[in-house]
Ligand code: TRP
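Starting off, we have a lone chain in the form predicted alone, written out as structure tokens.
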Amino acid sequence: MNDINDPTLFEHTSRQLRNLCHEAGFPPSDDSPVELLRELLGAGGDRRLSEGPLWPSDVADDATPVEFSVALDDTGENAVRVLGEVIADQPGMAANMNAARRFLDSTARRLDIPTERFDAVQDLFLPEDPQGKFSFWYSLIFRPSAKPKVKVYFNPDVRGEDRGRELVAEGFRRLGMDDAYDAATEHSIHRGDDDRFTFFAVDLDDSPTSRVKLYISHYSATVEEAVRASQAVDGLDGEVIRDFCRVLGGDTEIYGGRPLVSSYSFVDSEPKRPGNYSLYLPIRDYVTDDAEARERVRAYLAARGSDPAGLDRAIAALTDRPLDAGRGLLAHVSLRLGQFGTGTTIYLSSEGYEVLPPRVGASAASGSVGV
């Protein structure tokens, strides 16, 4: 029975997803986003929010196993995305991994998704005894009147932090991108443990721009570290990176809370060099509350020629709480640059289990970034 005062996780998140899709212009008859969300959440989706999370997922700060994002392409096209972790009925690292595999099997059959890339690297990243905070996550990507797409995020530290580089290099090699590891790390890995692999990700589709991506977290970094990292992609203007951080990061000089994150995108037709670079800024660690985050994001969107009203529609799709009452609804913002498309993506927390209080004093300790 639906209890509006104590909804289930699925009721809470499906309402938010429907609202986001409505704002993005999806046909009212398109139920595929909500149907996939239901399957991803599994039995845990029927658990009431008052019962707390079934498993402390690292996808979001409050352990909700989903995070939303709205991708605003500079072409004017938009996408709604769900980052999610599949949680087993009896959760644990290995159990969650096996449940996530079953979700892929079911979804691949249903949507006719090619899984060759996943199959090529799964024995690397999915050991019997996975370590770390997760084994692999999904991104479900929805565009109006288009078939959903799926992306998989693997954990480079799943066999231990000392083996991350080995797994990433071998993952690229198996996917026919022998030079990609050196190309991605040449400008981004040079500060010891302050530059760390975060995700190794693969798009599960057969389009010409289907990507293999590497994400690298830059702890205690300056903007210039991000500028340096961006130079792995030919033709990028470092001043665009500086403007992004200047507006969204405010007067932050060293990002000592949650880290800046770089990602590099490779495609089969150009496997030796990344064609796109993205920078992710965890804005929630560098503002007092979501009201301040909203003002910064609106200012940035306006400067790029995007309609800031779209941000407010996305916020209203998720919550009606006062923005100055919490921090983290606007979790992070990314800038995409390069030949495979440019734009801005805004990442939005479901806040299913908790609203983080406004920040007081120094920035919070570093943590994970779901992208």
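Treat the numbers as computed from the prediction; the structure is a model and nothing was measured. Numbers follow the displayed sequence, beginning with 1.
Heads up, the form predicted in complex with the ligand isn't pictured, but that's what we're talking about next.
Engineer: 218, 211, 284, 117: which sits within 4.5 Å of the ligand in the predicted bound form by any heavy atom?
Structural biologist: Contact with the ligand in the predicted bound form is made by 284 alone.
Engineer: Going by heavy atom distances of 4.5 angstroms or less, which of 233, 158, 241, 261 would be at the interface with the ligand in the predicted bound form?
Structural biologist: It is 261.
Engineer: Within 4.5 angstroms, counting heavy atoms, which one of the listed stretches 54-62, 26-34, 41-49, 307-315 is next to the ligand in the predicted bound form?
Structural biologist: Of the options given, it is 54-62.
Engineer: For residue 10, is any heavy atom within 4.5 Å of the ligand in the predicted bound form, or not?
Structural biologist: It does not: once the ligand is placed as it appears in the predicted bound form, residue 10 has no heavy atom within 4.5 Å of it.
Engineer: Mark residue 280 yes when one of its heavy atoms lies within 4.5 Å of a heavy atom of the ligand in the predicted bound form, and no otherwise.
Structural biologist: So residue 280 counts as contacting the ligand.
Engineer: Is there a heavy atom of residue 227 no more than 4.5 Å from a heavy atom of the ligand in the predicted bound form?
Structural biologist: No - in the predicted bound form, heavy atoms of residue 227 and the ligand never come within 4.5 Å of each other.
Engineer: Would you check, heavy atoms only and a 4.5 Å threshold, whether residue 199 touches the ligand in the predicted bound form?
Structural biologist: It does: once the ligand is placed as it appears in the predicted bound form, residue 199 has a heavy atom within 4.5 Å of it.
Engineer: Taking the ligand in the predicted bound form, which residues of 134-157 have any heavy atom within 4.5 Å of it?
Structural biologist: If the 4.5 Å heavy-atom criterion is applied to the ligand in the predicted bound form, 134-157 yields only 137.
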